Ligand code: DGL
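Before any questions on how it binds or moves, here is one chain, the form predicted on its own, in structure tokens.
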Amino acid sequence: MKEKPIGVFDSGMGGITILSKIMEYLPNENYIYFGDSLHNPYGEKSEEEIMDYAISASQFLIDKGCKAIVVACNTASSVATDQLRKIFPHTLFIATIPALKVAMDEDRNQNVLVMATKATLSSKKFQELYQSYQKEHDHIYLLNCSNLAHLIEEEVQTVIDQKLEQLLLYYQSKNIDVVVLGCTHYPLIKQNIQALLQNAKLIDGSDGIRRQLKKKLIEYNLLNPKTDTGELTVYNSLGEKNVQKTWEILHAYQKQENR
């Protein structure tokens, strides 16, 4: 009998940066990736819209038989995960949140820049985390990268570089030590970001997510006991053209990470 898959969804193709790390860490599992490119970016939408999209994506993956769902979108995780767990109580959900805690645990005296969407930065979950550190440390900068995820989705490199130059100009003189990539799309352009903030360390939440996923799969006796290499199926709300594009971006990202 075929092992039930793990579902991963995002507001487009950015979630493949999480998916890639999970597949590397748990190669025996089967996966279904759903990219909601039709509604990209979630970070520019209202909380009600984000909730509706997250519920719809989760239902799609549950209907496909997924035993667990990774919400590979910082915005959807921040806004919708608690409600998703109530609506689908028999499904294991793993949330994605900006890795601010990781940065602060390394060194609380670092200058930290968090790049994320407006919806993520203003969400209750992130604000509670941010405020817990900001009380004692005034060197955490929050940068609303409006529309950047959409530009990455469209792969318009010259426009992406222009946007980054505008966004990061102010911070080039702030001796930034760590950049928290608070959107799953941003690791796709981390080389562009690194070029502008050459001395900064770039981090995302993928390592913590994959470890948490494995821990919960074991806890709920859902980890695949077989040693066969798993399979990946890709869906996209904009259809087959975007499915093919997702595969191309996934392969390019894996090649980049393996250099």
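Numbering starts at 1 and runs along the sequence shown. Just so you know, these numbers come straight off a predicted model, no measurement behind them.
Note that the form predicted in complex with D-glutamic acid (DGL) isn't included here; everything after this is about it.
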At 4.5 Å between heavy atoms, only one of the stretches 208-216, 62-70, 36-44, 188-196 reaches D-glutamic acid (DGL) in the model of the complex; which one is it? 36-44
Would V79 count as a contact of D-glutamic acid (DGL) in the model of the complex, using a 4.5 angstroms cut-off between non-hydrogen atoms? no
Can C183 be called a contact residue for D-glutamic acid (DGL) in the model of the complex at 4.5 Å between heavy atoms? yes
Check whether A149 has any heavy atom within 4.5 Å of a heavy atom of D-glutamic acid (DGL) in the model of the complex, and answer yes or no. yes
Across 92-127, which residues bring a heavy atom to within 4.5 Å of D-glutamic acid (DGL) in the model of the complex? T117, T120
